[in-house]
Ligand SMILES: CSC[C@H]1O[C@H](OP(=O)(O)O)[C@H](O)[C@@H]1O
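One chain is shown next in structure tokens, namely the form predicted on its own.
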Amino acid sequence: MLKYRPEELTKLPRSVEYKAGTVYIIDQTKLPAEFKIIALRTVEEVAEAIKTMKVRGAPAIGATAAFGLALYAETSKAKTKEDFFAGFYKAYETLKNTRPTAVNLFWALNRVKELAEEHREDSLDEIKRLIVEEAQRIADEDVEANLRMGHYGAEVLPEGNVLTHCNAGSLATVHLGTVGAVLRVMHKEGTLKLLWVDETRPVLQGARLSAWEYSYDGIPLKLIADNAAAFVMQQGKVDAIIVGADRIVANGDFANKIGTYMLAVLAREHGIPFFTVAPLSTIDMSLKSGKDIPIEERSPEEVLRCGGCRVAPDVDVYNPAFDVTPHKYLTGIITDRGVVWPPFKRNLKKLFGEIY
């Protein structure tokens, strides 16, 4: 089923890597003006990078947080397991409290924590080794999951022009992307004619990041202002819409970058198929509906300024980072285990039942 390998689909390096007690990330706040890889050498530096969106995108955040625990494990000076675990839990809490919406953050941290606790009776050196290996495994699994989603998605999206919002590309994951993998496979197979990229205010992840990485890989695209999307659809220039997700809940409702819900409503009005793409780690079966998803509200300065320049007077601002799209607007959910079709509540439960 997998026709291509990552190196056949993108020229970009991994967005986050771990080597010898250091986490390396592409600093996404510098793009597109500067491509810069920065080194993070403390848990606090990793947490700050997540908070300030130097690294962003649910899968990338999860992998980075796991590497933060690996960094703690490999650099800890603790002589006893008691002292080691005290520091480990402190690092865990520091990383857990960085951003509230992306469920991959908690999934990855809990996965590493549970493994460490299961091996608490092992030697301290063995516990450290297992933590580092598990964090690396999470990153490697993300790349493989993205590759599978790319192939599944390319099979179900229609040939033609695709519109995307925010950035769910290679920069938002360890490599390839969720949406990015689908687009890259489609481009490789010649079924993606044109990619419409929303600028994605207020932080411009579409303009700064998606447009940069997809043009880097030679994908034909046009950047549009967010408020041009409806007109482009009305003109018949969009054949499908595909977005990422920061959390999908049991009934199929999902949180994604602010502006996604608006696109979903517009897609329904214009008869355009609307897909979200995410690995199983983004699906939170503990929440029954999108009303239960915590929504991060970010600094007013993101709206009052653009590119460092003030664009509005000093007024009150409401700046939710995400919105929730009801499942009724979804055509399908593309996962690393295949495409989930409506009814989502039943079919997501069935999917998780088959796995667990």
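Only a predicted model underlies this, so the values are computations on that prediction, with no experimental measurement involved. Numbering starts at 1 and runs along the sequence shown.
Absent from the display: the form predicted in complex with this ligand. The rest refers to it.
Residue contact with this ligand in the model of the complex: residue 166 places a heavy atom within 4.5 Å of it. Residue 46 falls outside the set of residues with a heavy atom inside 4.5 Å of this ligand in the model of the complex. Interface residue remark: residue 184 is not counted as part of the site for this ligand in the model of the complex, having no heavy atom within 4.5 Å. Using a 4.5 Å cutoff between non-hydrogen atoms, residue 205 counts as a contact of this ligand in the model of the complex. Residue 172 is the only one of 162, 248, 172, 108 with a heavy atom lying within 4.5 Å of this ligand in the model of the complex. Site annotation in the model of the complex: the residue of 330, 61, 69, 26 reaching within 4.5 Å of this ligand with a heavy atom is 61. Picking from 284-292, 53-61, 307-315, 31-39 the stretch near this ligand in the model of the complex, with a 4.5 Å limit on heavy atoms, gives 53-61. Along 226-260, residues 244, 245, 246, 256, 257 each place a heavy atom within 4.5 Å of this ligand in the model of the complex.
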